[in-house]
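Below are two forms of the same protein chain, given as structure tokens: structure 1, then structure 2.
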Structure 1
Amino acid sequence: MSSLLVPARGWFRAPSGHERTWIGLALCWCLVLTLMMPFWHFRGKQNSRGEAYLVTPAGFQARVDKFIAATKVGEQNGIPVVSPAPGGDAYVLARMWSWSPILKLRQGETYRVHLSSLDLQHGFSLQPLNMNFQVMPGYDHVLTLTPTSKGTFTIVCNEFCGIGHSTMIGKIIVE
């Protein structure tokens, strides 16, 4: 019942000494971070430019199928491997619990990568880089990529999408 009682007079004491210093430092740091957010939004190269379009899942699936038919160069574990033309469009489709197709890109060339989902929200996380995007059904999110190093990069779904979530792994191969 003591929580219902009014506190005794004089219970509050204003911050003093080191406590005031730490509060001041915390406030200054909050201001610095607040000012850095717009700076990194406009100057940081890790941000998407926000290009996105409305699309039906069936319409995006049709574009992906046409893209695969035109650019397929192989297959890995039943997933098509495609090599889009530099400067062109590439498509990556998310669905429970897979990414398709595997992209084979050239180092130093620029590509427009279209991302969408057939079923529910997924997270596109390109490892070991720090690229993270939400992939939603009904939206075609376009990323402009210019690979700067060779290697195999893993696409991981970082948005829980069901029981097979841990197996939702794709690839981008840069040659």
Structure 2
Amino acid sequence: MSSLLVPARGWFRAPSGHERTWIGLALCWCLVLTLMMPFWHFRGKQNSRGEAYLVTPAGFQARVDKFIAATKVGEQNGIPVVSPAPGGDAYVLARMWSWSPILKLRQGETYRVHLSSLDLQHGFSLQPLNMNFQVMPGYDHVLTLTPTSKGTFTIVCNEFCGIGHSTMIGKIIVE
């Protein structure tokens, strides 16, 4: 009888044979998939907890300005370079179409990096590591980040934010 026809009476019966074995296997695999996430949450080092606070764009801008004034160590192409205190707060502000300031971090130290946007949504994509986080206007998104490798890393915007989207490039330096 085909799948287009009414099934014969008594069609409701338990699976058997390979079908039953497969369902059992698939169910076990789904259990593995499910348990991996809480396992990594407690044991793994990379987690996105979504820690965030409401903030107005003007409020965030003011905090970033204060942060830059306190930690500025230089400038590159008109963008301030800052060196935040290990263990402390660091800010990156996204707007159409730039990231500011440039963070200078120390390898192995942990920072609370605050991300927010003045205008549209943006995407914080750290290359070449390929770590990606959403940046929202109105939300102060806090990443507790520990750079474990040295070098210059590029922030690429990966949420569409208008015509200049692909030119929105920022920088993080780890030494």
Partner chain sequence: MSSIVQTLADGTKRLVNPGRVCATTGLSVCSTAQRFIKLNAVAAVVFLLVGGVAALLLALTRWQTVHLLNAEWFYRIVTLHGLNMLIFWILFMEVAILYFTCTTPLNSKLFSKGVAWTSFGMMLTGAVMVDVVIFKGQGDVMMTSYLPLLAHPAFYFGIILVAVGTLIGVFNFFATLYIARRDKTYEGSMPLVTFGALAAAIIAVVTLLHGAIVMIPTFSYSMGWTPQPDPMWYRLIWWGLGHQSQQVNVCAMVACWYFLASVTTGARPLNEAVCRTAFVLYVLFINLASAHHLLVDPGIGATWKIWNTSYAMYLAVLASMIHGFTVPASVEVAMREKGYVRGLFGWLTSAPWGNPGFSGFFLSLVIFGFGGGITGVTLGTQQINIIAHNTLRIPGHFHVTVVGGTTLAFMALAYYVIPLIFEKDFIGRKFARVQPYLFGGGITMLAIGMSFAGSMGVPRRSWDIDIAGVYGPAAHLMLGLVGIGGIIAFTGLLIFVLLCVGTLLFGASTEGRAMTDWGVAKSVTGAPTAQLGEHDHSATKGTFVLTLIFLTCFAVYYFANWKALADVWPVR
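Superpose the two forms; the largest set of C-alphas matching within 1.5 Å is the rigid core. All residue numbers here follow the sequence of structure 1, with the first residue given the number 1. Small disclaimer: the values here were computed from a predicted structure and weren't measured.
Student: Between the pair I just shared, point out the form predicted together with its partner chain.
Tutor: Structure 2 is the matching one, since it is the form predicted together with its partner chain.
Student: If I superpose the two forms on their rigid core, does the C-alpha of G24 end up displaced by 2 Å or more between structure 1 and structure 2?
Tutor: Moves: yes, 2 Å or greater.
Student: By the 2 angstroms cut-off, has the C-alpha of M36 moved between structure 1 and structure 2 once the rigid core is superposed?
Tutor: It does, since the M36 C-alpha is displaced 2 Å or more between structure 1 and structure 2 after the core fit.
Student: Would the C-alpha of P15 be classed as shifted by 2 Å or more between structure 1 and structure 2 after rigid-core alignment?
Tutor: P15: C-alpha displaced by 2 Å or more between structure 1 and structure 2.
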